[in-house]
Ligand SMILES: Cc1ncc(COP(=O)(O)O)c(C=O)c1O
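Quick setup: one chain, the form predicted on its own, written in C-alpha cells, and binding and motion questions come after.
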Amino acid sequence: MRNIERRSFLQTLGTGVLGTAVLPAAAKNAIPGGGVFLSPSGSPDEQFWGLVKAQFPIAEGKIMVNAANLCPAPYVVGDEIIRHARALDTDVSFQHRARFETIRKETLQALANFLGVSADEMGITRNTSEANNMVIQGLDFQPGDEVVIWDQNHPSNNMAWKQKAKRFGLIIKEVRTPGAAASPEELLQPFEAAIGTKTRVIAFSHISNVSGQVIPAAALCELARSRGVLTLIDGAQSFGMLNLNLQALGCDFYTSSSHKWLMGPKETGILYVRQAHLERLWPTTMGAGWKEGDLSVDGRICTLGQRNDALAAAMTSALRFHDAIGRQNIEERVFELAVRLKTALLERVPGLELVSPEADEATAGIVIVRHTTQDNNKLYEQLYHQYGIACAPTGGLRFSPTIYNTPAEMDNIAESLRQLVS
C-alpha cells in the first residue's frame, strides 16, 4: 500500500496542484476503499496526514522529531536529485550543462513566488551559515558603528559579527530577552533600548534554536526601519514551517537552509536581499561567470564556482510539495503537534521543566524541556537507542515535530520519557 500511496501523491504533485482543495480528491484512490481526507471544516484530517507521512523514507520504528536540525526529504525531492544528478553525469559538456542555468532561474523564480519577493532579490547558497556570512562580510562599516545582535542567535549570526567587530572596530550590542515574556512588546523592548545613533544593523534569529522563542519579526523590522537601521533575519527555523511573505515581514536580509523545515535538498540555502540594498553588499567570493554590474542577488553575491547543480535544481520540488499540501496547513499542523507534545510531556513526565516559553504561540514548532534531577544527555541517548526517538540535546531535550509526525507519536514520546525517568 505504501508504494500506491506514494505514487498517487506524486501524481498529484505532478499536476502542479497548488493548495489542498484538489489534493484529497486526486489522492482518494491511494487508500483502498477511498476515504475522506478533509474534515467538514475543510481542513486535512488524520487520514490525509497519514498519506503525507507515507511520502517520506523514514525507517520503521523511528520517530524523527529533529526538524530544527535536519529533516528527511520526501521521495519526490530525493527522486528529483537523483534524476538531475544522473542527467548531469551522462553528459558533462558545457552544452548540456547549460540546461542547469535555465533550471536555476526557474528555481529562483519559484523561491521568489514562495516568499513573495522578486527573483532578482533571491540567491541560492549552501546553507544559512554561508548566507549569513555573505551579509556580515559584505556590508561596509566604519569604526565605531554599532550592530545589535540577539544573544540566542546561531553562531553564524553571532560569532561572525564579533569576529568582524574585532577586525574593523565595530561595537556589538548583545541583547537578552525575557524568557517568560508576557507580550511581544516585552520582546521588542531590549532591542529598542539598544538602538542608538550609530546602530547600523539589527541581526536576529526569527525563531531561536536554543529556546524556541519566536521574535515578533515584522514589528522589530518596522521599528528598525523607522530608525534607519537594517535588519538581518536568520530564518533557519521559520523557512518552510511558517507561511511567510518577506515583503510583509519587512526585513532587508533573510537567510535560511533547505534541509530543515522545508525538507528539501541538503547543502542548499537561500539569501534574500531587498533590491534597494543590493549594491551596498559586496561579493565576498567571485567565481567564473561573475559579471560587474549584475543587479541580481544570485549573480552578484552567489556566483561561487562549481556547485552541485542537481541539488539546486531539486529545490523546486520541495516548494511544490509544500504548495500541494498547503503552507497554512503545514504551519497549523506543526503548531498542533508542538502543543500536543508540550502538554503531554508536562502532564505525564514528572520532574520536567519547560525551557521554551510557556505560551503556545511563542514557540512555534520547537519544544524544549529539561529534567531537573536526571542527566538530560543520557535521556537523549536513551530515547533514541531504546525507543527510536531522534531529538536534540539542545538546552535539555529539544523536540521539533513536523508534518511527517503524528499525534500518536507525540503521545509515544511522552510515554517513553515517562518510563525512562520512573
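Numbering starts at 1 and runs along the sequence shown. Computed from a predicted structure; not experimentally measured.
What comes next is about the form predicted together with the ligand, which does not appear here.
Listed residues H259, H322, R333, K342 were compared with the ligand in the model of the complex; H259 is the one with a heavy atom within 4.5 Å. Checked against the ligand in the model of the complex, the candidates S211, S296, S156, T199 yield a single residue with a heavy atom inside 4.5 Å, and that residue is S156. Of the stretches 186-194, 165-173, 343-351, 128-136, only 128-136 has residues with a heavy atom within 4.5 Å of the ligand in the model of the complex. Across the proposed site, A68, D234 and Q237 without exception bring a heavy atom within 4.5 Å of the ligand in the model of the complex. Although the partner is absent here, S317 is not a contact residue: none of its heavy atoms lies within 4.5 angstroms of the ligand in the model of the complex. The ligand in the model of the complex comes within 4.5 Å of no heavy atom belonging to T107.
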